[in-house]
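A single chain comes next, written as structure tokens; it is the form predicted on its own.
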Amino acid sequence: MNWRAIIADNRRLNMQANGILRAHKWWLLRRASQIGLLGLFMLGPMFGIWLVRGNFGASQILDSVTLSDPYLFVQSLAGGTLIVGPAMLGAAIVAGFYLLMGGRAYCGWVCPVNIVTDTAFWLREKTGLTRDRKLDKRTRLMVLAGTILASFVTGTIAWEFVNPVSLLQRAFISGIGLGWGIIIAVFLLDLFVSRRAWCSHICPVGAFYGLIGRASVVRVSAANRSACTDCGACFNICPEPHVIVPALKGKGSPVILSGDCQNCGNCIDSCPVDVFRFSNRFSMRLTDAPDLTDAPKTSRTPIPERSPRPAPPAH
């Protein structure tokens, strides 16, 4: 089997220009982060090594530092439970971290379900599946509001009953249960129904952290946007492609300021001319494009765009 056949099509141009490691740098770091964090939670139940207790919603590090998901904290308040002390401080620490690093960095760097949805997207690309039912991105905000309302009505942390992240962790521990069914459903949804359906359109956790991410400091910048060749790789690989347009094609700041950006680095990995880089929300600096007139030619095939649907015949 030709190993190159498994490379995502949207990384091929950068792989040709800069090598396979450059085309997967941030992808490899994200996978190490996601698998490593899940592994820390699994060490205790599976091997008795309790470096971390709890789950992604609420945890304690080395039996001393308490961390809490601010989304769960909001649901607790809605349900009539005021969390004080270490748990409140833990929620503030987590919120402050994502306010610095990017709210939806949780989606790209922490959430293990992201591995499932990215795999479904890769498989769509490799099998040529084109079905893409358009979903309204505001759906996730409505689901977010619905979970908070449900917590208010029931007096519980409603989302935890169906949260795929928590269910996935329990499924790894028990080996069976509803968790695997939910994860398979998310995978099939992204594979057969709509591109990036779960993370980009439905998940309320991403919606919540997207609100925090609107003010985050660490950002991706299209600082070298004058070098753009319009190959389309960054748009095709980005889980939220609408966030790229103002920075790459606009006349103002080159910084991607949308709270929807996951700071995942996919655009950096896919770009063969180094348009993108990590920066901060206060950076307005543009990098002059290098003179490529004398550079050796590389065989780069632009990624084709979808053809528009023909207009219906007039009656």
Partner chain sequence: MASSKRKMSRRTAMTEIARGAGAVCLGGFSLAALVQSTAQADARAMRPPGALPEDDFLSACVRCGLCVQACPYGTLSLAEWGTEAAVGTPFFTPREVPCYMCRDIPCARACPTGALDRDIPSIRDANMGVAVLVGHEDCLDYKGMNCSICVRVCPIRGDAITLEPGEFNGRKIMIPTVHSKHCTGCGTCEKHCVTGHASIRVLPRDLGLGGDGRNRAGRDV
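Positions refer to the first chain, counted from 1. As the structure is a computational prediction, the values presented were derived from the model and not from experiment. Only the largest set of C-alpha atoms that superpose within 1.5 Å between the two forms is called the rigid core.
The discussion below concerns the form predicted in complex with the partner chain, not included here.
Novice: Since exactly one of Ala92, Val217, Leu141, Leu188 fits, which has a heavy atom within 4.5 Å of the partner chain in the predicted bound form?
Specialist: Filtering the options by heavy-atom distance leaves Leu141.
Novice: Quick one: from Val245, Cys228, Ala87, Ile115, grab the residue that has a heavy atom within 4.5 Å of the partner chain in the predicted bound form.
Specialist: Answer to the contact question: Ala87.
Novice: Checking a candidate spot here: are Trp50, Ala58 and Thr156 all in contact with the partner chain in the predicted bound form (at least one heavy atom each within 4.5 Å)?
Specialist: Heavy-atom distance to the partner chain in the predicted bound form: all three under 4.5 Å.
Novice: Does any heavy atom of Val162 come within 4.5 Å of a heavy atom of the partner chain in the predicted bound form?
Specialist: Flag for Val162 set to yes.
Novice: If we define contact as a non-hydrogen atom of the residue within 4.5 angstroms of the partner, is Leu135 a contact of the partner chain in the predicted bound form?
Specialist: Leu135 lies outside the contact set for the partner chain.
Novice: Quick one: is Ser279 in contact with the partner chain in the predicted bound form, heavy atoms, 4.5 Å cut-off?
Specialist: The answer is no: Ser279 has no heavy atom within 4.5 Å of the partner chain.
Novice: I'd like to check something about Thr81: if you look in the predicted bound form, is any of its heavy atoms closer than or equal to 4.5 Å to a heavy atom of the partner chain?
Specialist: Thr81: contacts the partner chain in the predicted bound form.
Novice: Out of the stretches listed (230-238, 148-156, 101-109, 117-125), which one is close to the partner chain in the predicted bound form, meaning heavy atoms within 4.5 Å?
Specialist: Result of the contact check: 148-156.
Novice: Taking the rigid core as the superposition reference, indicate whether the CA of Trp50 shifts 2 angstroms or more between the shown form and the other one.
Specialist: Superposed on the core, Trp50 moves its C-alpha 2 Å or more between the shown form and the other one.
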